[in-house]
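Structure 1 and structure 2 below are two forms of the same protein chain, each written out on its own as structure tokens.
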Structure 1
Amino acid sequence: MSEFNKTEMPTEIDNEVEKENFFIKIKNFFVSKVSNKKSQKNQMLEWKKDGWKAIVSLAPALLILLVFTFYPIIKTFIVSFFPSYNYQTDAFGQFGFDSYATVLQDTTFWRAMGNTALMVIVSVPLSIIIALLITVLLNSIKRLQGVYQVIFFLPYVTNGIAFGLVFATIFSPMDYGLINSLLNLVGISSVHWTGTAYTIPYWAGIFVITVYAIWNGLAFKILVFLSGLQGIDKQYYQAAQVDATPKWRVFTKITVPLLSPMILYITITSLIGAFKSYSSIVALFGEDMGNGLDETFITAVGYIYKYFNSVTSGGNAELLSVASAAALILFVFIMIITLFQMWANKRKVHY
């Protein structure tokens, strides 16, 4: 269970938040430029002056992004179209779509996509709904609200290892595991939930992954929802109360629509997070991602990493192209889902 230290959520979300802020700043910058309708000439002059300042200020960040983000993305894109690209010699070889064919014909890839899709479809909506309900309940508590808030936020500030150890105790494959002892109490024999030494039933593995994903993301979701909820004017609720609005209607007709910007943000970030899930799988089922060489619980990123890893650890150097192709396919999937989300939410989100 030592692999449990690989938790992905916190750092990843920090990144997302930073990105979000960055984009908002950029957007505001442009909006203020456009809406500020001074004379064209003045505007151009100002733009030039401010533009240089902006570029100088952004340069360090841009440089790092360029080297560690944009360059790898472009390189991945190119490499995926050169099936015999050699990682060691940097020789591109012939242009072709063979890598894509390899990936798309690989049953393991489709298993990985299936597992990923399951996480995206099941754990993301479930975790958002659970987080929303907890938030609303948390917000409606009058006494000791602070204490309950702290309890729910603790996982967020808890060390990943501690988090993993607790999880390992709960879902231990041994008889002394929390869930297993409970099952034994009612006469059901132990289930192999996690670990590398046993064959894990598919349903059990998926169940554990789902619970892990929900639990792992819950604190941050609640944090975002709670801050959103506390930003809603209390008078809406008073108005609803005066009009004898049933509780459920208050939730669906007032709270959810008014929280929709936060819900959209959380949905997109957790969808992308779910698409990228890998470390949690390794943590739960070992580097083979379940049941020896079967890779039962392999995910899309797991698949990419498997190929990439086999190259860097001295395997067939040409497999890097396959990994790149798989990465690009995943990218396209995430892109499509995100665009769809944006489109679907345009009419449902109220800022």
Structure 2
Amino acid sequence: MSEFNKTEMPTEIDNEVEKENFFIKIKNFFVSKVSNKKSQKNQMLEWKKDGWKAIVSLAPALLILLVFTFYPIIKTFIVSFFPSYNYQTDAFGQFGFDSYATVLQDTTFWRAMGNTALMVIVSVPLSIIIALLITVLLNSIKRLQGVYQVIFFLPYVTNGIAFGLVFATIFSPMDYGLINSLLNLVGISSVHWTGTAYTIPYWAGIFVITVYAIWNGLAFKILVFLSGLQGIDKQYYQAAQVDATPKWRVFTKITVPLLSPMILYITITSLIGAFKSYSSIVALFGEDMGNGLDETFITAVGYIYKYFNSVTSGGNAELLSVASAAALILFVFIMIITLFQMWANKRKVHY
């Protein structure tokens, strides 16, 4: 009997220890739950205490956005469905789709969309590729890297109209223009690149617009790509260096995939910016946007401003509905292309 008790005692002690540990775990569980609830309540109290500070800080920005962004967008959407809207009297008139029909049946609008689409197709891919290559080269330079960055960033802080006037001087249609002077040196006659008093060849105008768009957009793209490139872990490049991987393969297999989020962001913003081209066209070709009243290089935004100017300067108050309809159609085009771009690159972007 005594031997039996000796063999059973450790089991009883173990059971008691397990029970005690079990109750301790239960106790700790409920204590942690209570402490979590208290911490959540404290956080809520802190948020309620400091919430008014956030409201006061955000109020000016929200008010400015409400007055100058959200209200004009909503009003533009409403006005586009009232062809007889008069902004002077704020009389809406009868509801209808006549303004949309006017825009969609206008050959000038489709010419403006064609010019805009051509600028997007040509300038956006070229600017992204050139900016990416320059970024890789800048990142590999150790000396005077900051100086080169400032040089490439200067166009971003320069006024668009002033920058366009510089390009208009470089591509002047006169013989003393920089490009024409170089062409004359090799025996090629001068080309009417820009200006308002000349018949500008379509290819020449598109070439100048493309060069302007690429150079004007390089600064921001390089800045974004450079920040993303410097954030890539150096171990990837060290491993490639150990394996003696060619530089072009490092660029295509490491740099580009790891920069894919920045590339997608730059692509979307560049597409939107290219669709909004207007100030550069005016700076290069004048308010008539090329070849007198023919509006050869008119863009979608230029088309909208054309009707808007006729409202404000010409006194045709009812044409504001046409400008609003054109703005809404352009907005839909940009939104569709942006959504398609995000969907098409969803699997190619690595976060």
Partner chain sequence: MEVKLINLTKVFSKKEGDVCAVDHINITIPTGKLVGLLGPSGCGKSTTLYMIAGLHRPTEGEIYFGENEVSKFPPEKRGIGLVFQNYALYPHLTVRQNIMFPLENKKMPKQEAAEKAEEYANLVGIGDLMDRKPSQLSGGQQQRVAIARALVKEPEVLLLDEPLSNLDARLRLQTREEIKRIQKETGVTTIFVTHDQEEAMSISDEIVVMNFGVVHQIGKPQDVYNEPIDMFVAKFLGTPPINIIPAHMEKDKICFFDETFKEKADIDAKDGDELSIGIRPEFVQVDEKGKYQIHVEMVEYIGRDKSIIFKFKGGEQTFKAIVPSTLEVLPDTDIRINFTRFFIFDSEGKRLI
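This structure is a prediction, so every number in the text was calculated from the model and none was measured. By convention here, residues take numbers in order along the sequence of structure 1, the first being 1. If you superpose the two forms and keep the largest set of C-alpha atoms that fall within 1.5 Å, you have the rigid core.
- It is structure 2 that shows the chain in the form predicted alone.
- Core-superposed comparison between the two structures: the C-alpha position of residue 69 differs by less than 2 Å.
- Annotation for residue 130: C-alpha shift under 2 angstroms between the two structures, rigid core superposed.
- After superposition on the rigid core, the Cα of residue 78 moves by less than 2 Å between the two structures.
- If you overlay the core, the Cα of residue 143 moves by 4.1 Å between the two structures.
- Once the rigid core is matched between the two structures, the CA atom of residue 57 is found 3.1 Å away.
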